[in-house]
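Two forms of the same protein chain are encoded below as structure tokens; each is given separately, as structure 1 and structure 2.
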Structure 1
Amino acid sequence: MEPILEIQHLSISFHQYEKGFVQRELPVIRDLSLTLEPGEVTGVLGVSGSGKSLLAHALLDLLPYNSRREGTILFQGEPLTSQRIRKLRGKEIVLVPQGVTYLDPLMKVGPQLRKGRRDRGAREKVRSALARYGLKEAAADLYPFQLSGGMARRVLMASAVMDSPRLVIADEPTPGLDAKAASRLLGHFRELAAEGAAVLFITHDLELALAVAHRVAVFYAGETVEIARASDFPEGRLRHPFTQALWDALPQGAFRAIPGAQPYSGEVKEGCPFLARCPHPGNGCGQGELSLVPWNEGMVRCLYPHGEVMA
């Protein structure tokens, strides 16, 4: 079966000025490769500043003017150009954003979901989409300020499924939700995947990622350091030391933490960005660029996964 989305060697940088007219290029995402399959939820996990949300913006062609993008993005086998994104955005490619401020405060829910359409079929779609997420038909006549936080998030989900999308990008969609509400929302993503869509679930919360994702791509300082199955975490099959540190920081890992912090963009010129915090560094870790390679039925960007020397 053909992948819905293929990201090949994606890099994103920004042009910035410092000391007057001196310009520098700040790399934020480096050499990111990821494939999203139909029927699958893929989690993208990382701490703040690791480049997760920038990935969503790149896929939606919403990067700022001073950015530069390299690499290839294929949607259903064809290049995802700016012109093609504009045609697909909001239809076959949809965003479930972080905040409910994405709703227009001056427009009622129904017209927002219909996106300008007034025919009977569009109105029926709105009723069906609202009902799917437990909202009554009357919600279509409410303004966003009349919705509770949970209702507003369900409206965003209803908006995402109006046109049977092939790719759903969920960018930190659960802040402020209690565990029960977050669990319901994650269940909706699984439903969309079961209908044949690919879901990209961006989060900083490992437990949420493991609750819904089939696979997890772990970001660190703008790089994908590991791609693993969700089952690899409890089974002890993790490959990169940062991924292992994330798991060890959970209750299952006895809250074991490692010292230090993620470097800022541009601080690491070459080699592994995790080197200063790595428990088993070795020769070559501080030189050149490391590639994301297959290792033990997963993918890893490390010369010494599990402390072993790669062949």
Structure 2
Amino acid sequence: MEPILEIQHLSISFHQYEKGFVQRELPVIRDLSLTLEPGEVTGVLGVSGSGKSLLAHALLDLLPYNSRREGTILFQGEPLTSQRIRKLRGKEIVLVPQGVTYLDPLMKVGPQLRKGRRDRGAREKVRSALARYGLKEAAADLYPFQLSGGMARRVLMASAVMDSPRLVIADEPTPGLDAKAASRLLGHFRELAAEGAAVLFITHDLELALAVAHRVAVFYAGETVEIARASDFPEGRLRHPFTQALWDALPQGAFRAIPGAQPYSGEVKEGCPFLARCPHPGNGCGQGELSLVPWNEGMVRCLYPHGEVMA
């Protein structure tokens, strides 16, 4: 089947003025490639500040004006130009944003979801979208500040599925929910995928990603270091030492954390940014640019993917 979204060598950077007129290019995401298939939930895993929200906004062509984007994005096989995305936003490509600050504080929920339409059909659509996530019709008559954290999450969710989207981009949709509500929400994403959509599920929580996603892309210092199937984690088929370390830090893994901290994007000028913390560095790891290569039915950015060194 044709993939819904293909991201090829996407880079996002900011130009900033530091001390007067000296301009500086500040990379955030470097060389990201990812393919989203219909019916699949793809997790994107990264620490806070690693550019996850920027990735979501970049796909919708809604980056801040002081940023620059490079690379290619194909939607259903065709380049996603600015003109094209404008027609697709809110219909075929939708965003479930990170927090309640994404709701207009001075507008009631109903009118916000109706996007300015007043007809019966629009009202009915809002009612059923809210009902889908267990919200009563009365919720449409509330201002955002009157919503509880969980209700706000569900309103944001409802605002995304007013039509039947092909691509759902969810930016950390679960904080503020209790375990039960969170797992119900994860179920909803699975449901959307089952209806034929591709879901990009952004999170900083590996357990959460593994609970909902079929595949997981792992960010490290602005780069994707590995794209693995969710089943690769418990079955010991991980390719990159950082992904392995993430898994090892979980209770299901060895419950063991690695020392050191993640560098900022662009901080390591040459070679592998994980080198300083790598348990099995090898020749050439400190030089050149590493690229993301297919490995064992996944992708990895490492000269000595797991297995090579072991052998």
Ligand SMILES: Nc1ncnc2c1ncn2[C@@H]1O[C@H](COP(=O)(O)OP(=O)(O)OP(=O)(O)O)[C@@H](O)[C@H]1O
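For the two forms, the rigid core is made up of the largest set of C-alpha atoms that agree within 1.5 Å on superposition. Residue numbering: sequential along structure 1, first residue numbered 1. Treat the numbers as computed from the prediction; the structure is a model and nothing was measured.
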property	result
Form selected (criterion: the form predicted on its own)	1
Displacement in Å of the C-alpha of Lys19 between structure 1 and structure 2, rigid core kept as reference	4.5
